[in-house]
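In structure tokens, the next block holds one chain alone, the form predicted on its own.
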Amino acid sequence: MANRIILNAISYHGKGAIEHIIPEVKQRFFKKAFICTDPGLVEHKVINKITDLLDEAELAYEIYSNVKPNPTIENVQTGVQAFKDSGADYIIAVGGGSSMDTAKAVGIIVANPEFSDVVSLEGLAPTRNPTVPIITVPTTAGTGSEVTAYYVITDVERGRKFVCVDANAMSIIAVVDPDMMSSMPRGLTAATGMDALTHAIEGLITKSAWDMSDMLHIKAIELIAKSLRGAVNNEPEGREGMALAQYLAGMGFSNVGLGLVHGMAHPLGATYDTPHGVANAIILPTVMRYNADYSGEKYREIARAFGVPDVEKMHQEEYRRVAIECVAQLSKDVGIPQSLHGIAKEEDLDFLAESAFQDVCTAGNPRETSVYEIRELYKSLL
């Protein structure tokens, strides 16, 4: 079986990377940008770092900021109409996963109007045309959405999130500038960082993992273990390390898939509006224990990436235990809640478990599961 890797055509990394946006726009003869972002980045003028560059270059743009933390079908449909009304010919997505996911859905529907209901994009939608050209500029170090074919939309009416996987939705240019992430508050830095760690660990042990994806995920875990605590304290080295780590994790999981942690996290976001990174971080150690016997020697690599000495001398049970403990300790150190108490409700467990079982990410889990077993995992976290 052949393995496939799909990435951005171009990506820029490091301090000052946003300065490359203008020459890229000019050489493509783009006329007007549709800037897809969230209200907080507008209010705190983070978006000005981009608009100032466009103003100086005398390039036209329009800002669309009707984006929720868990973007909805309505956000997307409003965005599609706003894009059409704006006269724009490309999108600059600035923000976290929510802004980038909204931008992908908007761009895909503009190019493929037969999917205007949005819900028909779930899973592997048979879109024919590439998205409207998108330049992604992440302001969080976690989702990796700037380099993935994934995007997630919330169906409010049905109380569920649905995952879309479409190579046609990839942004053409990713601009990963740690300076764009410097205004992230501690809690958001911690949550998005643990999201990146979840991507790396699930991508490492998913059914479709192979040598190239393993290389990306192991390096991402190593960088996160070294950098996340510093990033939470807004140290430049930590920000830079996390900016690269989350991109590497995105490169990997976008091509091999995820697993049960994400499958269980998505219903929490849809039902309780739980921040995605927080949900992942709470669930991750528990699902790692659940998957341990189906992970081969991968947990040894996780422990080694965390800097645990003499891992090669450990028995399988020991290095698996140590790997899980390292993940749990990092989560605790950066202030993530340690259970779903006060988040999930026991009376909702049947619905949550069924939703998680049906989630597209769950299919990639190395251990086959069931609605009953997922319910028990949720229950153990209450």
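Everything quoted here is computed from the prediction, not taken from an experiment. Numbering starts at 1 and runs along the sequence shown.
The form predicted in complex with a small molecule exists for this protein as well; it is not shown, and the discussion that follows is about that form.
Only one of the listed residues (148, 75, 136, 131) places a non-hydrogen atom within 4.5 angstroms of the small molecule in the model of the complex, and that residue is 148. For the three marked residues, 96, 192 and 199, a heavy atom of each sits within 4.5 Å of the small molecule in the model of the complex. Taking the partner from elsewhere, residue 185 is found to have a heavy atom lying within 4.5 Å of the small molecule in the model of the complex. In the model of the complex, the small molecule sits within 4.5 Å of a heavy atom of residue 71. Using a 4.5 angstroms limit between non-hydrogen atoms, residue 152 touches the small molecule in the model of the complex. None of the heavy atoms of residue 322 is located within 4.5 Å of the small molecule in the model of the complex. Contact with the small molecule in the model of the complex, judged as any non-hydrogen atom within 4.5 angstroms, is confined among 228-236, 175-183, 119-127, 297-305 to 175-183.
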